[in-house]
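The chain below stands alone and is given as structure tokens, in the form predicted on its own.
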């Protein structure tokens, strides 16, 4: 049998679903043809209606490349989002969908250190792939995460955010919270930044612009900052 290329569509079977927040779920997919991805890469998902209408969306992989045979896609339910609505309202364990990938070569972690990860809302998804892979392959390497969310109810991967994580709540912190509150700022960046190595920033356009500016002020050069922009959430 001829091996599929990343550009070829294939069938993936849903083998697990986890509710992360009120609007975010993680879907574990078993691939018919699996190749290891790089942390930070994404897959395309395509839905085809009985009348032939198609909708397509790209989703970052949240799992480590060491999860052989499977990938995890974490999907935020977006208003008027055709594909995300299908995931949340229709898809169940055992269903099959079309996917192709992995794609992207710029926003990927190849083991560089120190590495600073900066995510806003669902922008944490590709960063979680990096964090999970680092924990499995080189737990002693230098990596930190800055994560900005609105409220405690919006924290994705809440049970996996360890001591290397710096969380800020931009709207309503949980009761008794003694950490940072408000939007990401110079003080928070200075606490987490290494000042050397590489920084990965993922979120909305506004979040990426703000975070990148703060990193430049903290001593990172433009060549040290890699960015990926998501949709309207931040």
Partner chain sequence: MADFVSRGFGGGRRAPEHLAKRMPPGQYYEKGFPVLTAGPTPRVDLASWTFKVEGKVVSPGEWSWEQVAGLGLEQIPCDIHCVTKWSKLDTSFGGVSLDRFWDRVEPRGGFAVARSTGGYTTNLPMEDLTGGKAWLVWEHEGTPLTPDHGGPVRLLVPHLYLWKSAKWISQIRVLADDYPGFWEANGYHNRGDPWREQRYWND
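Owing to the predicted nature of the structure, the values given are computational and were not obtained by experimental measurement. Positions refer to the first chain, counted from 1.
Note that the form predicted in complex with its partner chain isn't included here; everything after this is about it.
Shown alone, this chain has one stretch from 179-187, 24-32, 53-61, 163-171 that lies within 4.5 Å of its partner chain in the predicted complex by heavy atoms: 53-61. Not one of 88, 192 and 195 places a heavy atom within 4.5 Å of its partner chain in the predicted complex. Within 4.5 Å of any heavy atom of its partner chain in the predicted complex lies no heavy atom of residue 68. Its partner chain in the predicted complex comes within 4.5 Å of a heavy atom belonging to residue 216. Although the partner is absent here, residue 96 sits close enough that one of its heavy atoms falls within 4.5 Å of its partner chain in the predicted complex.
In the predicted complex, its partner chain lies farther than 4.5 Å from every heavy atom of residue 14. Shown here without its partner chain, the chain has 98, 100, 103, 104, 105, 106 in 98-128 lying with a heavy atom within 4.5 Å of that partner in the predicted complex.
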